[in-house]
Every structure is written in C-alpha cells, then in structure tokens.
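Here we start with a single chain on its own, the form predicted on its own, put down as structure tokens.
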C-alpha cells in the first residue's frame, strides 16, 4: 500500500492527525546460499530485500499496544502488564512475543497504536515473520530509548537477538538467527556473510551486472510450526552428539570440516541424522566457496554452487518437495539462468534464481507455464532488489 493510503487507514482507525506519526521499516530476506546452517552454528549468505514490513506508529499514553494491519480485519489490543497471555491469538502473537521479550530484557515498553503494512508475502520463505519482529522491536526500542532520554542508539544486533529469542521461546519455533540478523543488518546492494556461531559478519558487494535476482514463489503455504523444521534440528543435534565423542571441542556442526566429518561420520548411527549432518558440513563449505567466487567476479561458479546446494537440500536434508523441485528443474532449462535453488526453510516457499536480464521474460513465462501445468496452480514471480535493513523512515 502507498504510504499516503496507509496513513489514511491509520487515522481512520485511531483518529488524530498525522503530525505525530512515526514510520519504522524492516525487510524480508532472501538467502542466496547456506540453508539450515544457521542454527547449526554455520555460515549463511543472506541479503535484505526491498519487500518489507512498514509500521506506522504513535504513542498513545496508555498501557496497551494496539495492533492492526492494512490487509487483515484483525484488531488486537495487548495489555503491557499481561504480555504472556497472547501466545495463541493468531495474528498479533509475534508482536506480543517481541514486547514480552523486550520487557524481560529491561526495555520500558511504551503504549502505542500500530498499523502494519506488509509487502513481503506471507508463508513464502522470505522471512515475513522476521520483518514483523524486527520492525516491531525497532519501534519499541526507539520509544523505550526516548523514555530514558537516549536518542538514535538502537542496537541492531540486540534487536536481531530479541527477534530470535521471541520466536524460540514465545512462538515455539527453534529458528536460528539468520532471518532476524538479515532484516536488522541488511545493506543496499550487499549480501551478509554471517558466521552464526559468533555473529561475526562481513558485507559483500553483490556485483552481478547484467543479471537480476528472481524469486519464484511456489504459492504452497507452509508453517514452520507444523512442518518438520524442528525435527530436522533435533536430527542435527543427534549427529553433533555422536561426532562430539571424537571431536569434543566442537560445539556446532558448522564448526566441523569436511575432512573431520568424513573421518568420524561412522560414529553417527542414525542414518537420517548422518544425512542431515553431511548437508550442513558441505553446505558451510559451499558458502565459503561462494564468497570467494563473488570476490573473484566468478558468478558462474557461484551459480553452480547454488544448484549443488539445492540438490543437497533435496537429497540429504529432504526439505524441498515437488513444488520447489519443479521450479528449480524448469529454471535450469532456461538459457540465461546461471544458478537457482530453494531458499528459506523449505516445505514450500520460494526459489531464488540468478537470471540474465534479457532472459527474465522468458523465464517467467516458461517456468510459470510449466509449473502450473505440473502442479495445478500458478507460481508468483518477483524481480528483487537488495535493500537496507531496519530503520526509522523519516
């Protein structure tokens, strides 16, 4: 929704005038490579999108946070003294999770009215939930700091940690920190090389002149809570415990090298756990090779590594399915596609492809037609720009 339209919706809902409105935004993300490695203390390579959550907010002087959205009929009012009570309300639970977690972390939660306007598609694997979490946390942190007389000092890494903690402990999804970190820390035209075991990171320019990032949405809705996401994490924990018998100094699968894994993989008796671990170890190596390829302006090698990543997620981690596999298979038939893979948790959601600019129309037409013919319903396509992370919009 255009900003002026969203402002009108806000004023129709909450009254007043626009002189004291504030605007906060946080983006969705696409992960270029490094999937299901974040909660294993490994490497990821995400980028923030220009698709985002925008919050129009105004302090209300009350002890409530009022929530509404431009695309939903839901209206939610959160009692700041009883934030633990909203875990099962559906829409609004993520915002409640953020406020609850921030209050426990020592923030002074300020009563306010909020209107959410999302351009990140929900349930597509582009971290719409992280965008909501980070935007809400940024807004509430700004208000808290102002209450304490602190200005322009929102700690973005702390915001990312709050988002992950809220999702883990309040929502009940054992996600890693990649999504929230990307949403908080993204920078225009850069991807983030993030080491999830210690949150050290490097911004890497995305120099892909002549190509665009095209996101293809399966339009198969999925929820992390009801998927096998938590099951995969448990299988990785089983593998790590087995490997730690020989490698006691390792705290994460993402710390284990390929040579170490090949030497000690026999200690993992559970066949599924061994496959999951193999994916994580080799995927971390692919991330390192991908960074080097981009630094060498070798985009073809980067694209090849993307395809290897998808194959591993399909065969070893088993989180793709016919919809994502079909999008990848059809994309690879297009001359001008140098890399494609599923992105996000899987079980539906999106693929990310690097496509030569002059091939984009053919890509959308042919992949879309063949996908609908095989799956029975259409995919959606987005030509993505890489944008900035969380911020107050002046």
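What you are looking at is a predicted structure, and each value in this text was computed from that prediction instead of being measured. Residue numbers count along the first chain shown, from 1.
One more form of this protein exists, namely the form predicted together with alpha-D-galactopyranose (GLA); it is left out here, but the text below deals with it.
For the options 208, 175, 305, 291, the one in contact with alpha-D-galactopyranose (GLA) in the model of the complex, meaning a heavy atom within 4.5 Å, is 175. Proximity to alpha-D-galactopyranose (GLA) in the model of the complex, taken as a non-hydrogen atom within 4.5 angstroms, holds for one residue of 42, 46, 344, 348, which is 344. By the criterion of a heavy atom within 4.5 Å, residue 107 is excluded from the residues contacting alpha-D-galactopyranose (GLA) in the model of the complex. By the criterion of a heavy atom within 4.5 Å, residue 38 is counted among the residues contacting alpha-D-galactopyranose (GLA) in the model of the complex. Although the partner is absent from this view, residue 143 stays clear of alpha-D-galactopyranose (GLA) in the model of the complex, with no non-hydrogen atom inside 4.5 angstroms. The closest non-hydrogen atom of residue 170 lies beyond 4.5 Å of alpha-D-galactopyranose (GLA) in the model of the complex. With alpha-D-galactopyranose (GLA) left out of view, the stretch that reaches within 4.5 Å of it through heavy atoms in the model of the complex is, among 323-331, 27-35, 47-55, 364-372, 27-35.
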